[in-house]
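In the form predicted alone, a lone chain appears below as structure tokens.
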């Protein structure tokens, strides 16, 4: 089929042409309602529901041949939908129940049809509303540990991994991240955007030689450390939740990159939400209580990820990096345990580095986060943004001294002190 961008009318005809959907997911006498909900940066997204039986519902996601946030002047290959579909299928295999089920896909039309998650909410919005998510730590740490371990050299044989890497080159979206995360925010670039009230902080970052040297190191790791199949865009806008369920969506950036990038993205987004409550939660007691809850999630995600990753590793050490026979000598068991400790400790330090860079890019690059941009008062928004920049710089610069997740949490706490004082001053003048 020749590619064409669908709309709310043509999508009905298309759905009826797909035997995996029409007469399977939908009854053949279904009357379809279509709603276009694609508010993202790259794609069209439709929710399609049977008016007669609303439980029959799917989501259709189609790639456009340009960067939606920038318009048709910024062309992009539609091949990204192939990568997203393959990643969804692999994630369903490795972490079943934690990603949407794939019902059908059409590479010619650059689209995938999958489980409708409309009864869940984007995690950002749940966190801004101060909802408690009792299963999130368990769910996301399981997703991270399983998807990252089972696509790494710790589990895959050399040829297995190389063949899989060839399926996930994803050169165009990788280049987008290389530019928009690791390069453009730290120099003059037309798409950059920031709150004028933090202009001094932005300019200080751009002229900080020591910091930019470390950012360049993290960019090199992002470009060249092909450790595992990473989601590569795993923020709280790519996770849907309710009190019982967690679903990771939108893996269109997936490629073989550094394990710590995904972990750092999750932790950094949780901390951004922590900071957003300087604008969203005026009552100090209510704010402090929820911020502590968010920091508990940060602690839990790392600790549970590290525990599960090592546990899976011990049980499944079939890869060629450090195979079980390598440790077959007196004292080998202890040596293997020490290697695992060093490996996971390195991941924590790199998590701090990649997470730190992502703090900065969100404050001064092309795309911020809704948690922060939805703060109406630019002064209160600047409180959160300045704190995010300070935390990001310290996570990057101090990463090689990090020994535990508490070190990263302590940086957040320390940089919250001036934020609290700044907010108090704003509130006292209202």
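Numbering follows the first chain given and starts at 1. Only a predicted model underlies this, so the values are computations on that prediction, with no experimental measurement involved.
A second form of this protein, the form predicted together with a further copy of the same chain, is not displayed here; the remarks below concern that form.
Asker: Determine whether any heavy atom of residue 323 comes within 4.5 Å of a heavy atom of a further copy of the same chain in the predicted complex, and answer yes or no.
Answerer: Within the cut-off, so yes.
Asker: Answer with yes or no whether residue 339 is in contact with a further copy of the same chain in the predicted complex, where contact means some heavy atom within 4.5 Å.
Answerer: Result yes; residue 339 sits at the interface with a further copy of the same chain in the predicted complex.
Asker: Please run the contact check for residue 219 against a further copy of the same chain in the predicted complex: heavy atoms, 4.5 angstroms, yes or no?
Answerer: Yes, residue 219 is a contact residue.
Asker: Is residue 215 near a further copy of the same chain? Define near as a heavy atom within 4.5 Å, in the predicted complex.
Answerer: Within the cut-off, so yes.
Asker: Of 201, 227, 104, 116, which one comes within 4.5 Å of a further copy of the same chain in the predicted complex, counting heavy atoms only?
Answerer: Of the candidates 201, 227, 104, 116, 227 is the one lying within 4.5 Å of a further copy of the same chain in the predicted complex.
Asker: To verify the annotation, which of these, 190, 97, 284, 158, has a non-hydrogen atom within 4.5 Å of a further copy of the same chain in the predicted complex?
Answerer: By the 4.5 Å heavy-atom cutoff, the listed residue in contact is 158.
Asker: In the predicted complex, do 253, 395 and 403 all put a heavy atom within 4.5 Å of a further copy of the same chain?
Answerer: No: none of 253, 395 and 403 comes within 4.5 Å of a further copy of the same chain in the predicted complex.
Asker: In terms of non-hydrogen atoms within 4.5 angstroms, which of the given stretches 307-315, 244-252, 106-114, 329-337 touches a further copy of the same chain in the predicted complex?
Answerer: Result for this chain: 329-337.
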